[in-house]
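Next up is one chain by itself, shown in structure tokens, the form predicted alone.
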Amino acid sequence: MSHAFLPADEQLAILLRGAAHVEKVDEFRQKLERSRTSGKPLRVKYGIDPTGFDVHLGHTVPLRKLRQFQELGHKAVLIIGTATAQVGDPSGRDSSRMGLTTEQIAKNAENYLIQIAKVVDVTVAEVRPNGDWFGKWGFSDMLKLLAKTTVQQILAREDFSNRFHSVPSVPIVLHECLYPLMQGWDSVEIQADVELGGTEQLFNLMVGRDLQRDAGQPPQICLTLPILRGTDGVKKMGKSIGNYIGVGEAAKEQFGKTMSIPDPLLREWFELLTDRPTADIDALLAGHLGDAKKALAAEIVTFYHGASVAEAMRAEWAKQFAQKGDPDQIDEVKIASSEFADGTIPAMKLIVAAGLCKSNGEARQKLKEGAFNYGPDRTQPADEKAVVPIENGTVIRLGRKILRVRIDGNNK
């Protein structure tokens, strides 16, 4: 049964938005045209190793591109790297990483589709664990695969080259050299027309093209996406440095964190995390950037929580910040009555006891910055040595964090 695809150039315009590199554009256009003429969807591959991460917005960049292919009528093929996870992907790394055990892989793989399903329609995707084929291989099969590349080719990749020439030398463990070949062979097994990945994956994707040619298949298109910068506007989004937004986070957190990003990130996030047309993005960024940021935050919340929740977040943000009001729902924190003297407590001690800062040093800095206030008049302590009068129900604020104090042991 044929599918009514959009014209190739229209599809190309959609699919190339936000792309970092395409190998090769002319071939891509031809594949799209043949697909449209024949009514046969392209097979679009995206591989992910079950290494145990929680999905954040950085991970969704290639997943959103895969979703675009689905919406255009093509077939998403998800490779769950149950075999490659045992090797460990060296891409973008400056040291070796030992692969996971089969037990860890099986446990991690269980919740992967649940997370991926927040972005991709897994009900119509083809899901293939690569252990299905590599698990049947013998030693001779692996030797044949290893014979399809050279040490020189492997060392040509940037991360290996950097490690090989570093002083003192950083070891390159032999099993790491298997990874690009295994990922490339996945493309042969599933006869991929297109493979998606981050910019650090280009070498692996190109190996897939070579192996497909060797197997007598048309080489896949390699489409790489930029690495999303995190909320700090500088480093790659990641949980380890705390500059991430998780797809499973509460709407309030997603909205608030998006509102905190630096202005120069706006175009990048709009292009990689939303489906807004370029003309709309240009118009938003030509206006007030605060309004553009609210539109971006609302769009992200809408995608993961729905339009009504996003609208509620916008209203709450306006009340809290534009109108200087507090949200209707404020989390409470209990502080023991023994921490108070005559109904007062040192500001620095209060901030740490409430969990707004982890240390006195951090609290002292926030007080110097004027980031802390309390009560209906948003009173700021005069200095770091100030004491704060607190009653049951007093609201305290530090940046976007707002808490209502309950004095434990006080029944007033």
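Numbers for residues come from their place in the sequence shown, where the first is 1. Here the structure is a predicted model, which means the values were calculated and not measured. The term rigid core refers to the maximal set of C-alpha atoms that superpose within 1.5 Å between the two forms.
Unshown form predicted together with the RNA; subsequent notes refer to it.
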Stretch in contact in the predicted complex with the RNA, which is absent here, among 40-48, 66-74, 22-30, 369-377 (heavy atoms within 4.5 Å): 369-377
Exercise: W317 in contact with the RNA in the predicted complex, heavy atom 4.5 Å: yes
Distance check, G256 to the RNA in the predicted complex, heavy atom within 4.5 Å: yes
Touches the RNA in the predicted complex: M348 (any heavy atom, 4.5 Å): yes
Residue contact check: T274 to the RNA in the predicted complex, 4.5 Å heavy atom: no
Non-hydrogen atom within 4.5 Å of the RNA in the predicted complex for each of R209, R229 and E268: no
Listed residue that, although the RNA is not shown, lies within 4.5 Å of it in the predicted complex (heavy atoms), from D263, D331, E103, E110: D263
Interface residue in the predicted complex among A307, L289, V124, A283, criterion: non-hydrogen atom within 4.5 angstroms of the RNA: L289
Heavy atom contacts to the RNA in the predicted complex at 4.5 Å, residues of 387-401 in sequence order: L398, G399, R400, K401
C-alpha of G233 off by 2 Å or more between this form and the one not shown on rigid core: yes
Rigid core fit then D291 CA moved by 2 Å or more between this form and the one not shown: yes
Rigid core superposed: L15 CA moves 2 Å or more between this form and the one not shown: no
